[in-house]
Ligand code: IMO
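Just one chain follows, in the form predicted on its own, and it is written as structure tokens.
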Amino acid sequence: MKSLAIIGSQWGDEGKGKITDLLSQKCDVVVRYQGGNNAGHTIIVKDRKIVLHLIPSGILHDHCVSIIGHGVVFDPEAFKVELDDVLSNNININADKLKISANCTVITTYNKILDAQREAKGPVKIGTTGKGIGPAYEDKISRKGIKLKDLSNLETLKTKLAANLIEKESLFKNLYKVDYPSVEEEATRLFELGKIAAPFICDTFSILDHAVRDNKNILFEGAQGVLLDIDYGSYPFVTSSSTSYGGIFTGAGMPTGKVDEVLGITKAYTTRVGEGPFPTELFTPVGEFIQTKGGEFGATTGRKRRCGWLDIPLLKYAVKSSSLTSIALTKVDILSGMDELKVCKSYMYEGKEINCAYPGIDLTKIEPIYTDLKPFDDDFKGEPSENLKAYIELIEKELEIPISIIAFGPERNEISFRKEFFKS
């Protein structure tokens, strides 16, 4: 057996989808372990753009079993839309290929309303997707959550929704003054949607356990990035799940207690969508150029991504906090042909120079210290130029782990593997 985790090492949107897609060709099982449909993997296959939000990227390969683990918050309506979309692209999905944990927490209409109202009327804008992710995790932690298995019994569903609504009803009526569906309406909606998910619902923990026992190749697919982790991220401007390495064990399970390799997906520059501090953000034409050339718009929301130079202190932090063993450097082509090239190698913070971030650091008080490099002008049709080699070597030296993959375009054939994963 070989196990590999693919984790975003920045604020998400690093290009995890296409890397997962390629590596899943050699896998037996692909597992999603956290987040919900607030994530989006865009994969280009033969000029077709396929965007997956809930369903793991392994679904594109007939030999793969795709698992949605219990750490995922599950929107049955979003699943129905995505299922229809994938099927319309002539991709086969059946109960043998897709397994969904019966213990996933369900995202209700109440969660979505609460999310939207807080973002619109609350004192602090987090920049959430408004898809009910945070409130669903709140329900889970407060032990009021609706589980996917509950959708099979209408009366049980009504009872649990009534208990779930008690506090929210007061907020909807008195604070936000917003309409909301009755328990009867919401229960009926979820019950009908539950019938669509029902063929795929099972005990995924045991399936994963058997996969390990049967010596299968297993790939764990992360959503978002380490810097959005509820504990390790730039709190409070984070998501509501454990996006880092540790989320695998709480959100899916791994009987061996470890994963063999952890691949950190890293853009050749840095982006962030939504609110929150961003030390290397560029408010110049250079930032606009990167945004335009890189097509930096969210796969899930369509929002523009803020752009900046590569941030080594944050990357070092991601390496240490998620046990990364190598880096996949993506979108290298976007930096080719630029007039200038910089990297942030350290911070001036509270009167001291530091070269690695840490939990709770106040990124609004950071002064980035930049190193200038010679720009490269590669077409990626042959060997890398000396300037591109210098850029890659600097990153490897600072992070003290190798760059195992270089991606220079959205197509499958625009990815160069410097290491062989899942050797047969």
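Position 1 is the first residue in the sequence shown; the rest follow in order. A quick note: this is a predicted structure, and the numbers were derived from the prediction, not measured.
Omitted from view is the form predicted together with this ligand, to which the following refers.
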Hey, in the model of the complex, is residue 103 touching this ligand, heavy atoms inside 4.5 Å? no
Is the gap between residue 112 and this ligand in the model of the complex 4.5 Å or less for some heavy atom pair? no
Even though the partner isn't displayed, in the model of the complex is residue 133 close enough to this ligand, meaning a heavy atom within 4.5 Å? yes
This ligand contact in the model of the complex: residue 368, any heavy atom under 4.5 Å: no
327, 238, 157, 252: which sits within 4.5 Å of this ligand in the model of the complex by any heavy atom? 238
As a check of understanding, the residue in 262, 161, 98, 273 with any heavy atom within 4.5 Å of this ligand in the model of the complex should be identified as 273
Looking at 349-357, 238-246, 143-151, 198-206, which lies within 4.5 angstroms of this ligand in the model of the complex, counting heavy atoms? 238-246
Taking heavy atoms and a 4.5 Å limit, what residues of 188-224 are near this ligand in the model of the complex? 223, 224
